[in-house]
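Heads up, what comes next is one protein chain in two forms, each shown on its own as structure tokens, labelled structure 1 and structure 2.
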Structure 1
Amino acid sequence: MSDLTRNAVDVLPEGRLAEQLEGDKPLRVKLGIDPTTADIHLGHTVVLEKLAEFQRAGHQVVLIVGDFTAQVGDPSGRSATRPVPTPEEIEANAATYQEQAFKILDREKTEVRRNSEWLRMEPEALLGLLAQTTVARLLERDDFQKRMAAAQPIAALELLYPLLQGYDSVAVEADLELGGTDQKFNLLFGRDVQGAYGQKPQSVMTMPILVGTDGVQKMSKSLGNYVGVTDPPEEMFGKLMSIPDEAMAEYYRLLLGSEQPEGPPNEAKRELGRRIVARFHGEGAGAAAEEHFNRVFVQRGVPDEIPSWDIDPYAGSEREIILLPKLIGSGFELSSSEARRLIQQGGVKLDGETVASDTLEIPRGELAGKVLQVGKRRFLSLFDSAA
């Protein structure tokens, strides 16, 4: 029991999970992920690793791909209504999510379900679900309270989300549901929905939210402070080397399940980078990524910690071309004319190589994971959020 609750923030109701684990049948342990973006990042892996621990302990893992709830939009942690992806985007993301989740979960032992199986319900069934709660109960959630206080809109569709997620637990007969701390309201609400349908309410376990590479806000692709599990090894290592020293202990605890080693923070950060890269890219990949980092950063005088910068907003109409003066101007707070002048004077480098003086456009595939340098002391680590 103690190992299975390691790093958990909440295990509710108190004592219930311990009773369940003393039983003689495996638990059905549920995790739902809405495919609203294309990739899983290290923040997602915190709860996925916990799910894998239950799987290794012999319990039945149920991974729900929220292809239906993604169309509604989870309001958790949101100060505004979430943009709704298209059906085509949801379908593509759903396939990607599953493959990436299986980097952590055992594919053969994982029950994968899409909640469109049961949420495309008849009107009578939907009305029956809506009858299980009140608007006042739904508005108790902290996200809605903050938005009402700030006179920000709340879409009626968003009020449905906890009911739909709760019905997922009914459909798969969940004994335990996992999620981040921002999911606490939804997880507990699932207990209410199960009880209304005559099931024993599930236990709830929340896991910490991993801080992003900026060391301030939670890891998020939209904020550009993420490390994707499919990032190229060199890019993954470089991003991990950019995290603040103060975030190191949390990364070790939540991602590696260990304490930060004693010694210089830079060496601990390198060890973290090697181990994380090796986990997702195979043995030897971590050492190779570190060697690349040394060639680009150390031997060419690039500092270990430099800000990350997304190249996607600077794509031209063809989308496969990045407008270099626009990227430089925005990234380094320069005018476009100043950026062009720097290029013409040989003052711009990519991974230590001087950019040709007549270069105004660069294929986007040649930029992601590289270091853009202007002058002697100004650097940006480039990534592509659309990759």
Structure 2
Amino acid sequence: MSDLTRNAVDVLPEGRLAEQLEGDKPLRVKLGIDPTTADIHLGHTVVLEKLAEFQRAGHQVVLIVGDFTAQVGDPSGRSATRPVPTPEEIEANAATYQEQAFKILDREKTEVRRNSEWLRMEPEALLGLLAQTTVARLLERDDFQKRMAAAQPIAALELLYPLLQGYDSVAVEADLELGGTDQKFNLLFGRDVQGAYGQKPQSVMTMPILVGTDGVQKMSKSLGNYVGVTDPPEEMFGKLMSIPDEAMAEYYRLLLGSEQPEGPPNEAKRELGRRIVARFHGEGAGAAAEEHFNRVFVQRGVPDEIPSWDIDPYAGSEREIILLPKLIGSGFELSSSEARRLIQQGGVKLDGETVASDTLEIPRGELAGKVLQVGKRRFLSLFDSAA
């Protein structure tokens, strides 16, 4: 029992979960995720891991893919109305979400539901749902209070969100719902909705929000400070090494369920990276990713697998000269101007040799077979398809 509440911020109402767990029948534990972006990141996994704990303890996990609520937009933690994804995006995301969630949950034991099943309801039924609450009640939430104070808009649609999420709980008869701390209002609101439909209100448990790799803002894809669970091992390790030291203890606690080990921060961070990579890519992947990291970033070497790039299309009119900014621009998805600046700033290397700042053209014979490097971490292996 004590294990199941580890790391939780709120477990409400007080004492209720303990009572529920004393019963002998497994609880129906609900988690809803709206497929608004394509990938699950480590921030999501904090709650998913908690869900998995319940699953291992023999409870029935219900994963709700919010394909309907994604069209509404969860106002949680938002200072502005969320852009709504298209149905196609939602559909695509829903598929990858489930796949990724099963890196953590046991597929066989998980009940997966889409909330469009029950939320695509008759207008009368929707009115019945709306009749269960008041505007004042819906506006209570902190997000809205802040927005109103700042004279920021609140979409009418957003107002409906808690009702819909609450109805999910009714539909699956949840005994307990998990979520991030930013979900507290929605989770608690679900209790009211269940009550209105004659069900016993669920317990709610909130988990901390993981800070992103910048160490400041919450981990989020749109902020670009996330580590995706499907990131390649090297990238995952690299991103984890780049988190601020201050964020490390939290990563240990929330992602690995342990304390940060004593010793030099650098060592602790490497261990963090190894363990997390190993979790998502299998034993051995962690150590391999670290080796890659050592070679490329510590020893400033070259990774063993780098994409190759054909220099032929960038030859000048005489076909003996390569226009370097063009080549770099295309190869690394930069504009020629950006590439030009990088050269000027000494950020471009060929086989480890910094390219002189005034170099704009290079004889093509001097390029094939060499490694072109931009900045510290971007590489291309050049070849000449016309040679």
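Residue numbering: sequential along structure 1, first residue numbered 1. Note that the structure is a prediction, hence the values are computed from the model and not measured. Only the largest set of C-alpha atoms that superpose within 1.5 Å between the two forms is called the rigid core.
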Look at both copies of the chain and name the one that is the form predicted alone.
1
Taking the rigid core as reference, does the Cα of Gly23 move 2 Å or more between structures 1 and 2?
no
Superposing on the rigid core, does the Cα of Ala8 end up 2 Å or more away between structures 1 and 2?
no
Does Asp67 shift between structures 1 and 2 by 2 angstroms or more at the C-alpha, the core having been superposed?
no
Could the core-superposed CA displacement of Gly365 between structures 1 and 2 be given in angstrom, to one decimal?
25.1
In Å, how far apart are the CA positions of Gly375 between structures 1 and 2 with the rigid core superposed?
7.5
